[in-house]
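Shown below, as structure tokens, is a lone chain in the form predicted alone; questions about how it binds or moves come after it.
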């Protein structure tokens, strides 16, 4: 049963449960399914099983490695999707004892082979017994991964590796009490202790970073896409900065022991505040939760009683009688783990609702798109239509034109007229001064900027004479229709021409354009506007006035794998427009290139070079660098800002996704180590391209030399 019937976070979130060894997997799946869990994590072999000693085959015989009573058995693929295998945790492939090491390697190979034979969706691997020193473990996994097509390997990674062995985190503990002052929610889940309390706080001195252990195995397996992390949560959490790194990693499941839960005033199992926040963050990333351990709380739930008295299916209710929004069915509601599952439902259901904008962007999450080349290609009508749905963007443009007209009109009229003769602002463009203000929209598309400019003029009470310049002949038809429906045919002149070659009949006082790309200048806005600024009268206004690009080092296993899957150099040297989702920025953004309009440089040169240094918080721990996320911030006019830069992102605007510059090879970044990169914007008579390279913590190759893989044509 899904945790919640919600679609605003994409795919439904599922909860699994770790079970003891079972000889009847289908019956176990059904029993725990009645409790609410969607899949089980079951040991592949009985606890006492050991691989048979190597023998010399007689007469070509190949004896079976398993007896029926020693192994998990499934005879139908119907159940395989509801079972995740669990590898024995006694296995120590890097033991200093040669005999134990050899036995462990054999056992690991046999169990992985049996799981692949059963067609399981995934297998949970034990945490390395010697974190940071497990080459044999990685070698066996790497060999196995080369032969897999769909079965995933989930490596158990304790978030904190204390001085005690990892398996000690599985040992049951008596339930702890929540603080007396906690406020109780309608379900008995209340305001818990924060991250800095005894139950959840910074890593203890001397503890090892679990991410380091994970990265060593992952790196030795060449960042294989079927290898993921199953994070084992303990009573103590790392710092928030350390936890954030996992947002960009292939986290497949959260292993949540029942011993981590505390008890609220009503006797129900709840999680400390820090654990709640962590779980909510992973829910949003689509990560599954696996409950481990036996029940530590004894709860007589009113939900259970309500279902029992009904004698069948009933609506689940909480401790105070409030409906939880899902049905329960006998006899699973009496299961001792039921209160834990209900609490996970509560946490998932109370996530804040996703806005309509984010809901529409769901299908674009972590989806690589090559940036548009609007100078070379004529856009399709559907592309224009998508951009035009961004009402916030055009409101900002309208506000910028409004303020520019207001400043220019008031300045000119106060010089020519006495204060008593100033005209009254009108809502019609037909009113206002007799002299029309000349405004040019270059790159008019289907006309949304023309509409925004006319509305701004109506607000000021100024009459415009507009030139709508557009090179796409198909888009011209849409502008014609707009002028006809709005009655602006006398006020707007359509120019079907390339702005770089057209000769304007008169100078413009205001030049409006929408040529920005996800990196500001990556769709050749500087080159286009430098050519079009000859249309401006002396002292004329350009909207936009300036824009600055920003970069930040980023972790994203998903994006790195998707680029790597092309198996060529070209795709690693191409920047991509992408709605970043499963990613983590290793450091705050830094400004890169700035362009201003009108451009008064002599001569004009739009090539750029910059060295950018990113300083990292040592508390964030080590990380892996997969590339750089790019953004832009644009001043349209005065204080009107249009931005996709995270600190100043324009609210409810979605026309631009960030840009991502990948690296050929992931770069390990030690804790506290700075990241340094070089970026070039190169120009030639026929194309513009970027080159980029990492120079710290280690030097790497320069990407896209000479624009060999990606360029924007002029």
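These figures come from a predicted structure and were not determined experimentally. Positions refer to the first chain, counted from 1.
Absent from the display: the form predicted together with a further copy of the same chain. The rest refers to it.
- Item | Region of this chain that lies against a further copy of the same chain in the predicted bound form, out of 352-360, 488-496, 250-258, 93-101 [heavy atom, 4.5 Å] | Going by heavy atoms within 4.5 Å, the stretch is 93-101.
- Item | Non-hydrogen atom contact residue 70 with a further copy of the same chain in the predicted bound form at 4.5 angstroms | No, no contact at 4.5 Å.
- Closest heavy atom of residue 533 to a further copy of the same chain in the predicted bound form, within 4.5 Å or not? No - in the predicted bound form, heavy atoms of residue 533 and a further copy of the same chain never come within 4.5 Å of each other.
- Query: Does the 4.5 Å heavy atom contact test between residue 369 and a further copy of the same chain in the predicted bound form come out positive?
  - Reply: No, residue 369 is distant from the partner.
- Message: Taking a further copy of the same chain as it sits in the predicted bound form, is residue 139 in contact with it (heavy atom to heavy atom, 4.5 Å or less)?
- Response: Yes.
- Can you pick the one in 684, 652, 648, 678 that has a heavy atom within 4.5 Å of a further copy of the same chain in the predicted bound form? Going through each option in turn, the one that passes is 678.
- Query: in the predicted bound form, which of the listed residues (611, 77, 565, 382) lies with a heavy atom within 4.5 Å of a further copy of the same chain?
  - Reply: Selected option: 611.
- Query: Using a 4.5 Å cut-off on heavy atoms, which residues of 693-713 contact a further copy of the same chain in the predicted bound form?
  - Reply: Those in contact are 693, 695, 698, 699, 700, 701, 702, 705, 706, 708.
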